[in-house]
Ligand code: ARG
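Only one chain is given next, in structure tokens, and it is the form predicted on its own.
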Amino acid sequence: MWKGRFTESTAAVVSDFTQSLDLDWELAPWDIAGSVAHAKMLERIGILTSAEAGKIEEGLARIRAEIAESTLVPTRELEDVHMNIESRLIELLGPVGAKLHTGRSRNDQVATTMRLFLRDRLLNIAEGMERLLAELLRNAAKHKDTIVAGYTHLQQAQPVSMGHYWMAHFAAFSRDVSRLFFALDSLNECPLGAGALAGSTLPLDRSYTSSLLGFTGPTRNSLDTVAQRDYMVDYHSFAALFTVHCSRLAEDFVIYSSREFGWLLLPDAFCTGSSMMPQKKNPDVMELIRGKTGQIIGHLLDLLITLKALPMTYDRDLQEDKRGLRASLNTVDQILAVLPPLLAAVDVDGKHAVEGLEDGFALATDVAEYLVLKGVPFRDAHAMTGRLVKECIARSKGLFDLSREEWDELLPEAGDDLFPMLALEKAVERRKTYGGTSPTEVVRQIEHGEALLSAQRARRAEFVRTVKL
């Protein structure tokens, strides 16, 4: 493509080193879509005749079919998907095919191809997120009256509704959805017409090309267009935090399903056994989700480090942006394929869950707040309840085991109205503050979550409608 300037052919080792076909051959459908739009625009401004544009579209359609049928095999000498397609087009059409690259550079071409490709992949991810959120809502409704221990520092803290627990993860993943749509919005401008970096002397109609490809409009600065990869960083930022949330969920599942806890019941179909120990049931899926999260974070850092010192505008370093992107997208797809059906099959042993709360110490805060309602300053109430717990431990008793006489001895301020409150169900029901764990609040959260999910589905459908090529 550049032989006019050079006196020597490119060395074979250089061709091998600089080729990107292992990264970008899968981008062919999106590259062809961008080329079709470019040809239509060139016809519109009179660079191509209608007959030439028609031949180019027919040729690109044939190439698309050849790629789908694997009859067109790319060659490394042509470096990348873009030049392989263009070379085949020229082979089919001769000089007419050579006109397609008029008014564009591989710089704006690859930027357009990547945005088209990533837009489709992110819309698929959005659909996967909908399935994930739907399963969390179902679990929340199913377990809104199931009581389990809530933890801080992995120590029992207070009793909570398991439905409340599911909605906590729903809240985190909902924020991820917002970040996902931010990434979709950030890539939805068309780079075509930016050229190598400075635009073109030809009267390119960038708005027309943008509309053909379903973008909201053309990018606003040609230098920035070919230099920036912010939209990829926005995706990686979404992916990193999304998988961090997945990893946190996975960590809970590993712990709560262990023999020592044992109240979270993982489905056999999503676990594995041991080659040596017949009794084992290993939470491998959750451990792999936890393990893959580091890779996703690494891809974000990889791109940021690549970008941090690049001079304006395009640099060949940016060719490598696809490697981490592809790996990250594939991993996120895998997680979204396995996590929703796993959540659908998870169950909770509610009876076993409350056995760990049988000493009643998880209600110590309820006792302190009871004293507050009697006019005791909270810090004093906290200290009084702490001494009560300390004495219970010394006597090898729980709060539920104390006799009325012992209550009178250890906490004289306790009246008869305290004891009806000292039940796990009552403790959960009474936490009715907005966003709290009471079943009525969980129901409100579920209703709000259903509205959010419905809005997300509508937003994705609208996005698909406006970008459909």
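Note that the structure is predicted; figures quoted are calculated from it, not measured. Throughout, we count residues from 1 along the sequence that is shown.
A second form of this protein, the form predicted in complex with this ligand, is not displayed here; the remarks below concern that form.
- Interface residue remark: E86 is not counted as part of the site for this ligand in the predicted bound form, having no heavy atom within 4.5 Å.
- In the predicted bound form, this ligand stays beyond 4.5 Å of every heavy atom belonging to R387.
- For the chain shown alone, H245 is not a contact residue for this ligand in the predicted bound form, no non-hydrogen atom being within 4.5 angstroms.
- Not displayed here, this ligand is kept clear of R323 by more than 4.5 Å at the level of heavy atoms in the predicted bound form.
- Of the stretches 287-295, 164-172, 103-111, 334-342, only 103-111 has residues with a heavy atom within 4.5 Å of this ligand in the predicted bound form.
- Interface residue among D176, D80, D366, D234, judged by heavy atoms within 4.5 Å of this ligand in the predicted bound form: D80.
- Residue-level contacts in the predicted bound form: of R220, R379, K280, R316, one residue has a heavy atom within 4.5 Å of this ligand, and it is R316.
- Taking this ligand as it sits in the predicted bound form, the stretch 14-40 comes within 4.5 angstroms of it through a non-hydrogen atom at S20, D24.
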